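Shown here is one chain on its own, the form predicted on its own, set out as structure tokens.
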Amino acid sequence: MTDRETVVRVESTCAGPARVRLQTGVLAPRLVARTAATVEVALVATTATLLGGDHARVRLEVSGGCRLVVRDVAATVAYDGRGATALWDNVIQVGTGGVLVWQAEPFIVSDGAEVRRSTRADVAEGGRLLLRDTVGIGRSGQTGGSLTCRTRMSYAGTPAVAEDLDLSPESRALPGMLGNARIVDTITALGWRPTAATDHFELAAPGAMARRLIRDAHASDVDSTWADWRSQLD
């Protein structure tokens, strides 16, 4: 069982490169590039994850005037927990004028896994967040375990996204849920309204969300949406 927090914290300095604090947990953050205003970090698994009883936490913080780009090196797999529940918490904070971009690799829930996953993001006024979150139910040839996702996002102190998603086997079989889909591919933009976007819905706060429910990950068509919204941050 593991209970460790991965931390990436970026803040500006009066002169020279941005200040970066990295802390290894279940994932190890590796500094890829750094300039005065932009930091790129890769997240690398340090052990087999996610096992029953594990509690993984990822904390990403970027202060005003800085940009943090986060990339996952590989997908995360939640393995058979043998009756034990695994927890995964993402905590994101973006300061005024800060930008955070996280293109997360798929989170796969294997047969026998039971996972509770939460994402909390607080974006200050003038900050911007772009997040891609892909969930896969089951590995190849599997039915998949149980996953519940709780998402809470705010902008300038005002709620922007509040979603509780139950992807347990019983709920997935209900009408209007996944049907034969195994992949939930979601892009969330917060802090601005993407232009020239299609097949999405706008948030009450400045922002938008695009989501696809598909059978196979390679069939998702949100790559173009990601590239479009990503380019609007440059």
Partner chain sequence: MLLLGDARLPTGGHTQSGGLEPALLAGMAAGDIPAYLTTRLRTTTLVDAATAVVALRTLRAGGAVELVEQAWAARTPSHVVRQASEELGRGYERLLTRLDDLTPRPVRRGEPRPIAVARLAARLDVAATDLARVICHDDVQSVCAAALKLAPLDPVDTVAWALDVAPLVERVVAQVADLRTPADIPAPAAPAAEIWQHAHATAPRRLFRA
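Numbering follows the first chain given and starts at 1. Please read these numbers as outputs of a predicted model, since none were measured by experiment.
The next section is about a form of this same protein that is not shown, the form predicted together with the partner chain.
Relative to the partner chain in the model of the complex, residues Val70, Asp89 and Val91 are all farther than 4.5 Å at every heavy atom.
Stretch-level contact check against the partner chain in the model of the complex with heavy atoms at 4.5 Å: of 155 to 163, 140 to 148, 71 to 79, 108 to 116, the positive one is 155 to 163. Taking a 4.5 Å heavy atom cutoff to the partner chain in the model of the complex, the contact residue among Val41, Leu203, Leu27, Leu51 is Leu203.
The closest non-hydrogen atom of Met209 lies within 4.5 Å of the partner chain in the model of the complex.
For the chain shown alone, Met177 is a contact residue for the partner chain in the model of the complex, at least one non-hydrogen atom being within 4.5 angstroms. Interface residue remark: Leu22 is not counted as part of the site for the partner chain in the model of the complex, having no heavy atom within 4.5 Å.
In the model of the complex, none of the heavy atoms of Thr47 sits within 4.5 Å of a heavy atom of the partner chain.
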